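Below you will find one chain, with nothing else, as structure tokens; this is the form predicted on its own, and questions on how it binds or moves follow later.
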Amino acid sequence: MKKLQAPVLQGLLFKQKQAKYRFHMPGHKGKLLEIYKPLVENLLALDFTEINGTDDLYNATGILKEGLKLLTKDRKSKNSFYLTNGTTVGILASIIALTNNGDSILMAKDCHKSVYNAVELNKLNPIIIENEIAGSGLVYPINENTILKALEKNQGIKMVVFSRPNYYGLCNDIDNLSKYCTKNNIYLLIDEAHGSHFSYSSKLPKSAMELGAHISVNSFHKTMPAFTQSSVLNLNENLTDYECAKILNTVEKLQTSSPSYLLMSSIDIARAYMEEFGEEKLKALKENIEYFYSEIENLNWLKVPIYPTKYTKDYSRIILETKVPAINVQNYLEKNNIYIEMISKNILVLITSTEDTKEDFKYLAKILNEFEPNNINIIKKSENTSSNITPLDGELIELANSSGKTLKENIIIYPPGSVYLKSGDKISQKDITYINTLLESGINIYTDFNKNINFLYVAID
């Protein structure tokens, strides 16, 4: 038989052999859990569509209704719902459903790009609060009092949106903010993509549902053992039935009409697994991380940052600050079959989950202890390719010549998927210098249209 050309499959099989130690999402870490075996062993046979007996997500009366009931109880919500288009669709649907053209939305600068996309789609007025960024590149959440002051200053805000925890595992308080928003008829939407596991340990921050947010969205695949793209939308008791129905109706409009039963099964499995074993496994994970920290505490080129006391930290998120370019360490780790989630200039971000073992942490500590910071100087730069996009109502210019121009697209740092400059912003020489610094540090940056940061789509003067 002629060998089939399947580059995606072949590439993944090759990467599987390289990436033996995964400190990145998804939370299952490529390890086959016992609870997954019935699904994996019957993968194609269980890939159903909506027929008699399999139910219909948008009119659930059978097995999906039962699964959603268990999910709602687990999430401590009024109503929780399966998302097979990722957390992105939950964010888009919630904002689009509950706002109208011209409404004002208060948001953190480091919001995920899906929030910016919802603002653009619904023609909203964004009021953006800047995040504090440490010299190392560590981004702090917006303080609760800062958000409350902004709400008092800007009357008529329809919704507040930010990530909690942020990509670095840091959480701000939202107790008073939740009460203020409910009292003043302002929707509070928490992008809790990285906090799906919070409910299973008293040592972790409380979930947004427990703290009174109107809406939260969880990426089960980030920190729990679920397939990529498996997420959950949570609606709280402080929403009316009509508001809940409006959001879910918008989900149906935006999400595929054929939601994957394999992904919905994965959400169901991850929930059941964490309900049964989560507390015990998260306790073991905490002990393993503390062991790891003790093994690297004498390295003079690496440290665990100290965070301001006004923030709480998710202990499962490992943040390491380096005295050498983070890209050098990342390249070294990958040579030793360790792959991490992301870097910023001098920060390494590692996502851990219940499926990381003590052996994984031992090997990670061993490799870091063998790193020689003075002998490595490898910088991975983005390719400087040309663009073939022909803009209709603007022009493409080189990044180097863009100072003073008005953007007609977003500039996105990915990961974490946050927007550095949004469409409509004016580019400064300072921005150009900062972008070039990030590129020289090996950080991935792209734009909406051609994905090539070296050429920007701007308004014609």
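Nothing here was measured: the structure is a model prediction, and the numbers come from that model. Counting begins at 1, following the sequence as shown.
Keep in mind that the form predicted together with a small molecule is missing from the display, and what follows is about it.
This chain is displayed without the small molecule, yet in the predicted complex the stretch 213 to 221 from 362 to 370, 122 to 130, 196 to 204, 213 to 221 comes within 4.5 Å of it by heavy atoms.
85 is the sole member of 331, 85, 260, 250 with a non-hydrogen atom within 4.5 Å of the small molecule in the predicted complex. Between the small molecule and the residues 292, 167, 81, 116, the one pair within 4.5 Å by heavy atoms in the predicted complex involves 167. Using a 4.5 angstroms heavy atom cutoff to the small molecule in the predicted complex, none of 28, 278 and 353 count as contacting.
In the predicted complex, residue 94 stays away from the small molecule, with no heavy atom inside 4.5 Å. Taking the partner from elsewhere, residue 112 is found to have a heavy atom lying within 4.5 Å of the small molecule in the predicted complex. Although the partner is absent here, residue 416 is a contact residue: one of its heavy atoms lies within 4.5 angstroms of the small molecule in the predicted complex.
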